[in-house]
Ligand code: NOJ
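This document starts with one chain, in the form predicted on its own, laid out as structure tokens.
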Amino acid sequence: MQKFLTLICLVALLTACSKENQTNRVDSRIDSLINVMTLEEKVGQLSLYTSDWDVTGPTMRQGYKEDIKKGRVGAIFNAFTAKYTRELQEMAVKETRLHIPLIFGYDVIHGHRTIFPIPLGAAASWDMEAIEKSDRIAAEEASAEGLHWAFSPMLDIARDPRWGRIAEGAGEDTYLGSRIAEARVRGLQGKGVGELNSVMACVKHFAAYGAAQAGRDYHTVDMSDRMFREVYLPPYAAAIKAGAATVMSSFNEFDGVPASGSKYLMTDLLRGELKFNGFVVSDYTSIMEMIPHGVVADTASAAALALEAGVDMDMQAGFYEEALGKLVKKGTINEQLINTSVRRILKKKFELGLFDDPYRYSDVEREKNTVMKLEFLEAARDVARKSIVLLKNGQLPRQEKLLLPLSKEVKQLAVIGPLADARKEMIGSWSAAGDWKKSVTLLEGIKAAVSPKTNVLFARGCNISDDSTTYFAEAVRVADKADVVVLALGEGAWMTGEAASRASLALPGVQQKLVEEIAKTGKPIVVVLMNGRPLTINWIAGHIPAILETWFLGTQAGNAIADVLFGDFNPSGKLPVTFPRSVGQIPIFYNMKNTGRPMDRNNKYTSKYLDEENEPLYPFGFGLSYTTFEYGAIKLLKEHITTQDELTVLCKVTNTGTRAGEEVVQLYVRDLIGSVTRPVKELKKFQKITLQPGESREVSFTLSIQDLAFYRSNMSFGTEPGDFHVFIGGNSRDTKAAKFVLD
């Protein structure tokens, strides 16, 4: 045994030495390369330019081709396919003086060719394994098409659904967002940078972009350091700790300084506090945009401010290429600053293996055998159905059964609505290289699922966003013939994502009028929502018996929704974001703080609206199932703990229905008294469990002292003694509670 242990130690030592030697060799090669680079070639490594795409395929502007050949470009984005990336790589490697390869990047947000649910939708699965798998597949496809780098994950906490880019993130909660951040980095990077089926992750948008004022994209962000550190920073930090290779600066200002010019964000916090050791890229032209922000007057000042802040690569503005060489020659900036950024970028190129084989990712045969494999499509369908949230399931008149799931034997089934057969909308915004022509519509999914004897009727009813009621009459006629109506409503894919802020969260166009007209027929109706943000659907919630929130589910959308509609899959999704009753409630989120005058319906002089409820329409964490779950009383193994202890919290959950089902068991904590005010609830743990009908399980959670820590009045991070409440339930509102004390 002793010899065996000695051998293990020796192997470990040799492995460590080997890794250290390899690192030293890479560092030595980088130093040697930098020593022979001209200033122009160094600046070139800091420049990122776009490729283009037209009806005939990928193209490159002639000026950019010349830049590549002269070594004035370090990376290209929006270029993919194995053939095209090899063509561009050959320009860089064969025609430049030093043969330095390019990095190819792309917005691989929720899939590459096989499109998965939008990130907000995937977050509704609360399934870290499914989320990681979706990004693992995205990385396999992207890397097979010559890509090295994904501009993902987007980790901006968002509490204002007017902001279109809420669709790209994990919603409103810091803890859930942090766990998803880790899963996405693991999925994209796999076993590490340089693995042939992986791509570099890019944490974005650093920092606090999701707090844009008034929900308006690119707008100002203003918050306290406490709010930033407690709510917005942790998901970025979790991704960096998980090994994310790169970071992208955000468009917004932070504490009065645009993020791309903030030394506090890019150097002091990111590299100093968070120990990030990759490279930072600006968002699209964000260095240029510091001029209209009003902190710099010209190109040279913007380039100097960004480089000195710690932004290594300039995306698309061309400011680094235009100004940095001149600034060095004038003595305005030190060339060592440029060398530092070049070293960071070259290191990633070495880690990717591009200096050993520049074309290793550009393999046409691998591309052909990888993209949109059957197993990838099956995974997309599975993740999609896990992302669906059942918001309501009412009882049919004069019957005991609930409306959902529908019978596949229904004789006449009407599928109505502007999103019922809208193939292009299925894959949502930021759908990368996804081909919407290959997506499955809801109408197709339903037709494939029902009995051959079922007559599926279809009517568009109206368009997504115009005011025409021309198609109403036809839709009503179709509904009148049906036994059940499935009504597909929501937003267009173009209405969410970047530059897609909305002042109203109502159904666009005349869709609300369409619902009301179809409801007058008296037929049982299931509303299927497709959208990239919470919508205000009060009338639907009050008048329609069944509602499914399906987001934009991707390539397999129609099949996944049909799986849930007809009971082949029991819905288990939970909302990652609060659904308001009206825009006037925004911002609204579950982990608010109390006021000195909490709402009292009987006292006017308390915190409430005159014309609206305080409570949301649907709370964070909410989602129904085709079965029911009962939560028992919470049991604590200790009622008093010290800072040296962990607390075990137990709760029995029982499936009281007739179907097997998954439940996301959620644990929240409240610190009752602190040196600063604390939220009324904070998500700290969750588990997704599967129970058979009648089965019970005692779910166990362990709370550490770190779970009870916060930024105290002096901004130190730690705990304070006192009373705590712990809550467990199926959403943030409907919970059981218990008390414990931290001594």
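All of these numbers come straight from a predicted model, not from anything done at the bench. Position 1 is the first residue in the sequence shown; the rest follow in order.
There is another form of the same protein, the form predicted together with the ligand; it is not shown, and what comes next is about it.
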Under a 4.5 angstroms heavy atom criterion, identify the one residue in Met248, Ala414, Ile547, Ile131 near the ligand in the predicted bound form. Met248
Position in contact with the ligand when the complex is considered in the predicted bound form, options Lys204, His148, Lys386, Arg533, heavy atoms within 4.5 Å: Lys204
Arg165: touches the ligand in the predicted bound form, heavy atom cutoff 4.5 angstroms: yes
Is Trp430 close enough to touch the ligand in the predicted bound form, meaning at least one heavy atom pair within 4.5 Å? yes
Heavy atom of Tyr284 within 4.5 Å of the ligand in the predicted bound form: yes
Using 4.5 Å between non-hydrogen atoms, is Asp563 touching the ligand in the predicted bound form? no
Each of Asp160, Phe589 and Glu613 within 4.5 Å of the ligand in the predicted bound form, by any heavy atom, yes or no? no
Which is the contacting stretch out of 122-130, 276-284, 450-458, 487-495, given heavy atoms within 4.5 Å of the ligand in the predicted bound form? 276-284
Given a 4.5 Å distance limit between heavy atoms, list every residue of 104-137 close to the ligand in the predicted bound form, or none if there are none. Asp107
